[in-house]
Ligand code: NAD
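Presented as structure tokens, the chain that follows is alone, the form predicted on its own.
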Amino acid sequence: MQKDKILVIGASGQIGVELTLGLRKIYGNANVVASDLREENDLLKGTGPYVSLDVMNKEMLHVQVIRQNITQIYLLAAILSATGEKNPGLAWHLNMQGLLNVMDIAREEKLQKVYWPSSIAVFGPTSPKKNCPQQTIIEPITVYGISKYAGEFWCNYFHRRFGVDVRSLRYPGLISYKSAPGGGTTDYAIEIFHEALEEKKYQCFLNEDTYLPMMYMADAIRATIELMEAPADKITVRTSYNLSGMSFSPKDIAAEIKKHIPEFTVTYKSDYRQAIADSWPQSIDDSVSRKDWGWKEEYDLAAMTKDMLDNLRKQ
């Protein structure tokens, strides 16, 4: 039987760095090939193979898949919500064409599995605000959300039509101390930790009572790998699974940080990202993930805050 050989596309990004390291722990360093258009992230250097790769260059991608004997692809390359609003055409083109390139190659080469992340950005102002369910009204208002929702249907299509075992999670806002924010609307929840330690003050670009679904990166990486390792017959959702860890507002996270840094102060000055945040649910119902493949988060706001501050202080 062929050994698993994994290609991570977008490995130098916010999720990619930690996912690559997590996969290398399980499958062995040599069996996880990291790739990105950007330079290799410092945290990845010396931990395993790295190739410079543009997901938009289908021929180059196909050559790498064959040359490296790839059996699974994790496609993380994307333009996120806030960045995407500045260049909608580019965001749509990259987010859609990159996925279609990977899916075509997966079909032709009969790859074992493909992972592609969706996002809570698929939800819009008409979606339920509290405990937003797996199946509900979905009318996204950002190009990022539109591209992710379209991508969910492409995943479902390639699974039904061609039997591609593609799996997906709708990530909430992700918080990490290892990699920089990626241009998303939930980036404040990473910036606030850095500013608390360095400046003892922070100006937040969202209103203090803006509740959003969030997740600590350690939980998100574990969820991704657990989903991909679940038996295929357990996977009932071939668009994308709702995923939840916690929900909080800027005011909540500021209060939690103040327990560790009492002199920390926050001011609020909302910008264009406020409208994006207001269009998303405040909390997510992920009961289908819990039922199908046993998802359960480990970090709440207090545990995450302590771990973030401890690790950032070390850096």
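Counting begins at 1, following the sequence as shown. The structure displayed is predicted, hence computed values, not measured ones.
Although it is not shown, the form predicted together with ligand NAD is what the next lines describe.
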{"query": "Partner proximity in the predicted bound form: G124 to ligand NAD, non-hydrogen atom cutoff 4.5 Å", "finding": "no"}
{"query": "Heavy atom of L37 within 4.5 Å of ligand NAD in the predicted bound form", "finding": "yes"}
{"query": "is_contact(G173, ligand NAD) in the predicted bound form, heavy atom dist at most 4.5 Å", "finding": "yes"}
{"query": "Distance check, Y144 to ligand NAD in the predicted bound form, heavy atom within 4.5 Å", "finding": "yes"}
{"query": "Location of ligand NAD contact in the predicted bound form, chosen stretch of 26 to 34, 286 to 294, 54 to 62, 254 to 262 [non-hydrogen atom, 4.5 Å]", "finding": "54 to 62"}
{"query": "Of A78, C204, L99, V114, the one that lies within 4.5 Å of ligand NAD in the predicted bound form (heavy atoms)", "finding": "A78"}
{"query": "Position in contact with ligand NAD when the complex is considered in the predicted bound form, options N242, T210, T224, S118, heavy atoms within 4.5 Å", "finding": "S118"}
{"query": "Residues in 4 to 22 with any heavy atom within 4.5 Å of ligand NAD in the predicted bound form", "finding": "I9, G10, S12, G13, Q14, I15, G16"}
